[in-house]
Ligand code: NOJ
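We begin with a single chain expressed as structure tokens, specifically the form predicted alone.
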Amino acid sequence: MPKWLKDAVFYEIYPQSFYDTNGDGIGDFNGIIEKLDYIKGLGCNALWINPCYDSPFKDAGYDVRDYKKVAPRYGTNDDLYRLFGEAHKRGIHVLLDLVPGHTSEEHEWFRESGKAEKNEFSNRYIWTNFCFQPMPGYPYVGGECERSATYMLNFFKCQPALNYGFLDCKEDWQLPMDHPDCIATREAMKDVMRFWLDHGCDGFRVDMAYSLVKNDDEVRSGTCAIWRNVREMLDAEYPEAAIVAEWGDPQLSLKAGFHMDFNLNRPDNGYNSLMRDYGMPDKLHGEDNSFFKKDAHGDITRFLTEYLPNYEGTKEDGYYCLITCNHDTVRPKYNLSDEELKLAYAFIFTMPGVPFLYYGDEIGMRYLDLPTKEGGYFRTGARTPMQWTKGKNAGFSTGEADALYLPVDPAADAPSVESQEAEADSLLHTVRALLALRHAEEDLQADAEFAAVYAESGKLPFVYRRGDILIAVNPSTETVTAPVDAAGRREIFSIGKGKAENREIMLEAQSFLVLK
């Protein structure tokens, strides 16, 4: 386990929308470099940068055309290498986004694979034997290449699936995992990882990490075997490099060799119940029962029922991580006020694992209702430009408004870093204080023990323990108490008002209390 993860706090950057230094309306590497001191001052000491490789951008860069070349919209390879160096000078680690399950249909591997004559890339992707042969159970495309065959997709039409083999071969066109061409795909991806690690990258967030081997079983034993092989390479050659899975099943991913996995937002799951329990993400309507919505009467046991078995079953294997949001998720400001967000973030930043803060969430950027952009669909509204100032284009770009990657929040009261810096009690200052507390207290960091102390269905507050620290949260509009003995402890952080006395913890409405 890389030692630096113990006290890591990640800041996710969607590079198109972070900071534009050349006025073309799209964020760039130089913009990230210019804002590294801001990120460090926020309390984040690690970055996750969404895909920045050469791409036709039919899926916002998750359709990679060249794994070893950056997209010109962001700068050059040398600019990214400089970003690694400048981040390291500030004690900031940098993860890139690895997309191992598919490429763009414009990738050179795919162009070669689609040729009629057999070559070294013919089996780099998954093909049938005939132009009209279907692929039962899998999305596929035909009629796009000179090769007389259909090919499998891994997500959108523009993303043909790379071939890591089939755990259970049922058709003569399906290759087993140990076929030399399937092993070659795995080794090619390891070569991509080595390339960026050798240039200063500190690891990878892995897109759709569960999606490699086809006809896999329920426990993804084929895909897990590949990741264990990758982990062996990292341990031997890059022991301080970290990998985090987009998987959402730590009992598979962490045991397969990932250092971290995410709590991902899915309808009706435990993480969803915290901040986004208001309906399907593409509809954005319905009754809100989110735990951190002050008048929603949420229930923390809905989260704990799912979280605790995953935490207890994997705490020796790696970190199961909480996020404020990500590029695929509706921003929490959609339904939560800044005061509600303070409590939600206080919870996230004091829980086990490595927390991830999505750019702009620290100032409460809104989710905007926008047309789709680069395959974003409903997710597009969570990918808008960072709001730095009250000036032109919210300080994101000097370009004209119609040239921006996406429009900035047009509201007169749109939050910005500039405005929140001037407010002593702003969400931004609260995030800074919370992250400073996490860095100062070892018992609040990734690997300190967690236990639910008072967690009753339909009741508040929720009280939990990290190491020797007691934490209580009350997101409701009522004063609440819990029969928890906190004798001999002192308050080291609070939002709102609370106290511990007479073997009881009392919290006023919308309060958070940390006792040591």
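Computed from a prediction, not measured in an experiment: that's the story for all the values here. From 1 onward, residues are counted along the sequence shown.
Beyond the structure shown, there is the form predicted together with 1-deoxynojirimycin, which is absent from this document and is the topic of what follows.
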query	finding
Site check His259, Tyr320 and Asp447: each within 4.5 Å of 1-deoxynojirimycin in the model of the complex by heavy atom	no
In the model of the complex, Gln159 touching 1-deoxynojirimycin (heavy atom, 4.5 Å)	yes
Phe155: touches 1-deoxynojirimycin in the model of the complex, heavy atom cutoff 4.5 angstroms	yes
is_contact(Met208, 1-deoxynojirimycin) in the model of the complex, heavy atom dist at most 4.5 Å	yes
is_contact(Asp328, 1-deoxynojirimycin) in the model of the complex, heavy atom dist at most 4.5 Å	yes
Heavy atom within 4.5 Å of 1-deoxynojirimycin in the model of the complex - residue from His107, Lys342, His102, Arg220	His102
Interface residue in the model of the complex among Arg383, Lys333, His93, Lys214, criterion: non-hydrogen atom within 4.5 angstroms of 1-deoxynojirimycin	Arg383
One stretch from 375-383, 267-275, 118-126, 143-151 that, in the model of the complex, holds residues within 4.5 Å of 1-deoxynojirimycin by heavy atom	375-383
1-deoxynojirimycin in the model of the complex - contacting residues of 45-75, heavy atom within 4.5 Å	Asp59, Tyr62
